[in-house]
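One chain follows as structure tokens, the form predicted alone.
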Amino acid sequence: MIKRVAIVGIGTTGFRPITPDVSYRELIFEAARKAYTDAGIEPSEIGGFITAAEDFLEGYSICDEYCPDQIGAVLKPTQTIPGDFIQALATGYMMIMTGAFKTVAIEAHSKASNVKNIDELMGFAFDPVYNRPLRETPHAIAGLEMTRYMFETCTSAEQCARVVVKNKGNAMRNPYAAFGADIAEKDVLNSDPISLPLHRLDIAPHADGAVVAVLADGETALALSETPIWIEGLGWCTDTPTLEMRDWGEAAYARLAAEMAYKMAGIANPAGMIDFAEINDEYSFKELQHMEALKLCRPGEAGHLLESGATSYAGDIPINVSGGALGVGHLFEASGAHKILELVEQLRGEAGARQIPDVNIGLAQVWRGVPTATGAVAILSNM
């Protein structure tokens, strides 16, 4: 019986604002080749392949049919998860747990620079009867949600701005990051207003890149890798799809997904057991809201923890030492892939200048963005 599943190889292209020199297929191939080299395995030895992609973002139907060549999946079992990489990771985990597969490769990529009308594209996710005719952008909805969150938790705009300062500063130590910068709170607060209290620098800019990971069952993982990174917990949840029916102050999807992952991992006290976390910060306030939903602190405490330095690189519970989406870039369905990459490198002790000392358990959390209420959580360990 399969009892454990581990990540035994991972590869990435790194992330850039634009990639006019390569196609998305070349990005995928580069990440795949690095992942297979890292795992010490050839694609012919992999049992199944998963792509995390959304046809609408790619610009054509059945986009997964354009991926097998690049990841070595020709004539092999393949499937697409129209969601984030962590949702695909859960699928790969379950495939291996059936005993039918010893190894599975998972791919996710972003070529956002190919899309000229991202706001209009995202607008198609709104309810076509009640919301889409209003012609509001996703940022307008995020601004309303930010207002509600700040009101309910007494979080200040300055605390949200400090999230941006922290994460862009962290990104300067990350060679994969596209948007590292040394800025101050006033730079965030004085940037162009988008949908107040949301400013331009509160929003994660888009980036291009790809990540491929190789999973293996416990026996195979120990044979392939000296440092397998074990998947301890997984959870996912979708709250109501309608804007009118949800609680705008709380990220219920993150709370419920985390509860599922914690139960699987046997974690009763997340704040005491999670050594570090990579969580969604597509908007600055989301990092704070998600910290509370993940029970890393109580409601209303996230902003104060941030100000105390507890979530900094050298703090008690470092959050987004990679730079998060604000520093690395917003990667659509590859957002979770970047977070899993960071967890793997940290838990292996391979994170270089941003390495956190003595870490054993890390958490990755994603949100699929406005107007969805879908999220996923993964807990990894090196023990």
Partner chain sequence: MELEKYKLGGTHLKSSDFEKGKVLTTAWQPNLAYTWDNGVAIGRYLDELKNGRIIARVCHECHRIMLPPRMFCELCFRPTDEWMYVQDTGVVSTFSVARVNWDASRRGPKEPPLLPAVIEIDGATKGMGILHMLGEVDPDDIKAGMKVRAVWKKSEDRTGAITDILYFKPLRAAASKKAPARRKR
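Positions refer to the first chain, counted from 1. Predicted model only: the values in this text are computed from it and were never measured.
Only in words, not in the display: the form predicted together with its partner chain, which the text now covers.
Interface residue remark: K186 is not counted as part of the site for its partner chain in the model of the complex, having no heavy atom within 4.5 Å. A351 falls outside the set of residues with a heavy atom inside 4.5 Å of its partner chain in the model of the complex. The closest heavy atom approach of E219 to its partner chain in the model of the complex falls outside 4.5 Å.
Mapping the unseen interface onto this chain, R132 counts among the residues with a heavy atom inside 4.5 Å of its partner chain in the model of the complex.
Residues placing heavy atoms within 4.5 Å of its partner chain in the model of the complex fall in a single listed stretch, namely 22-30, out of 315-323, 22-30, 333-341, 353-361. Just one of E58, D38, E45, E345 comes within 4.5 Å of its partner chain in the model of the complex, counting any heavy atom, and that one is E58. This chain is displayed alone, yet in the model of the complex one of L121, C154, A268, L196 has a heavy atom within 4.5 Å of its partner chain; that residue is L121. Taking a 4.5 Å heavy atom cutoff to its partner chain in the model of the complex, the contacting residues in 107-126 are K111, S113, N114, V115, K116, N117, E120, L121, F124.
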